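Just one chain follows, in the form predicted alone, and it is written as structure tokens.
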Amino acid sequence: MPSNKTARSLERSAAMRDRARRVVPGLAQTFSKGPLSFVGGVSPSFVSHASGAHVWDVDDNRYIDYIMGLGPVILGHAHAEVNQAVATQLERGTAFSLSHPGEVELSELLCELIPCAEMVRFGKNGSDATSGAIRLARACTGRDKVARCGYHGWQDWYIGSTSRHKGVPEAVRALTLGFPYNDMDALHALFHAHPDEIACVILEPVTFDEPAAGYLAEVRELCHSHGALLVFDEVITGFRLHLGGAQSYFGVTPDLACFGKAMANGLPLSAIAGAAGYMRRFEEVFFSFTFGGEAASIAAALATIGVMRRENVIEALWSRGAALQQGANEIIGELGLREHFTWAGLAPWTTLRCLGPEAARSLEWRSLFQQECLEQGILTHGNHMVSYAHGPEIVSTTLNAYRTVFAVMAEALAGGGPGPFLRGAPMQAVMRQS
């Protein structure tokens, strides 16, 4: 059994956490960066700086980072070319009294890359884009209800359909209808139960389970046969699986799509892209805020996409992600753990999945995995958010660490479970989707 005490100092993290308790509800601005998402007492709470594939906590412990800001940092932290583009723009100003040419330039670039994009509007967070797309779909169809699958942000229309619905009026909650991924019968049933009421279907085109053959095309056909729009939430998949998003990778074009995260390598920017016939309705539909065209983030996006095109970043994400995934699964196999754990998903974005009876206590197992990774200098939620900075040496170092980590997992499995091996409170689910 591992030692009861970590060798890493977390003294400054603890002190900063005490300060935060007095002024920050939940201790963090984002649930996924807060205490619910990390093992208590063994995880750092604050990062001081980052570079490439590494972060340093406030106690100056260095970690290989596989969270990467929850996915936006696609090239690596503090990428020199992106930083220079932002610095240049900062010298020229960031928030203007009229539109900036960069808005047009980036819109043109997205229309060139993304199959569904004929026009583009910008936001700051993924929730801006998904909520704007829902409002637009409702305006275009004259309908109120939304069928959704997956996670789509913090706004009332979505979060009201989850366990985190406090503060959302019941009338709003009733307008969003959940359905399971890869289940066409369930989606057919929703349209049958709510005839001429569903404005759109919004879903993440892929997370960790690939779409069944023909599934995405069939969803699109079903939407159109009922007069509804198809919206792809590509906030994570965009600029990760393909420069044109999952819609390019799978060859299915939605009516509208939402992008964010990796588009600007960590600066706040999101986008709604879609067919001009729908997008022009934004001339009437209210989607307007002070920082929608903020120039530094747009400069970052132009630079980020430029690097991605020039250096074949997407190909690198696939190859390095595959090396991580395959290597980790080989280690799992060598330790006789294949019936209990696997790395699932497409190579640029994979997750540790618990199988069989262990699925019922997956949060505990993922907590043990996270805890032991931290001891090996790896910061993770149990996912691989691969970036361009995760080069072959980083991959090799990670896999060497995993031999130690999964050996502890094997020991815990033989001993009846992860509980006695945890040195702090396990991770908790941020929400449950209905």
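Residue positions are given as counts along the sequence shown, with the first one as 1. On a predicted model such as this, the values are computed, not experimentally measured, just so you know.
Just so it is clear, the following notes concern the form predicted together with a small molecule, a form of the same protein that is not shown.
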In terms of non-hydrogen atoms within 4.5 angstroms, which of the given stretches 135 to 143, 162 to 170, 232 to 240, 179 to 187 touches the small molecule in the predicted bound form? 232 to 240
Verify the contact flag for Phe291: yes if a non-hydrogen atom of it lies within 4.5 Å of a non-hydrogen atom of the small molecule in the predicted bound form, no if not. no
Examine Gly126 and determine whether its closest non-hydrogen atom to the small molecule in the predicted bound form is within 4.5 angstroms. yes
Please tell me whether any heavy atom belonging to Glu204 falls inside 4.5 Å of a heavy atom of the small molecule, as the geometry stands in the predicted bound form. yes
Against the small molecule in the predicted bound form, would Phe208 count as a contact residue? Criterion: heavy atoms within 4.5 Å. no
Ok, Gly153, Gly76, Gly345, Gly244: which has a heavy atom sitting within 4.5 Å of the small molecule in the predicted bound form? Gly153
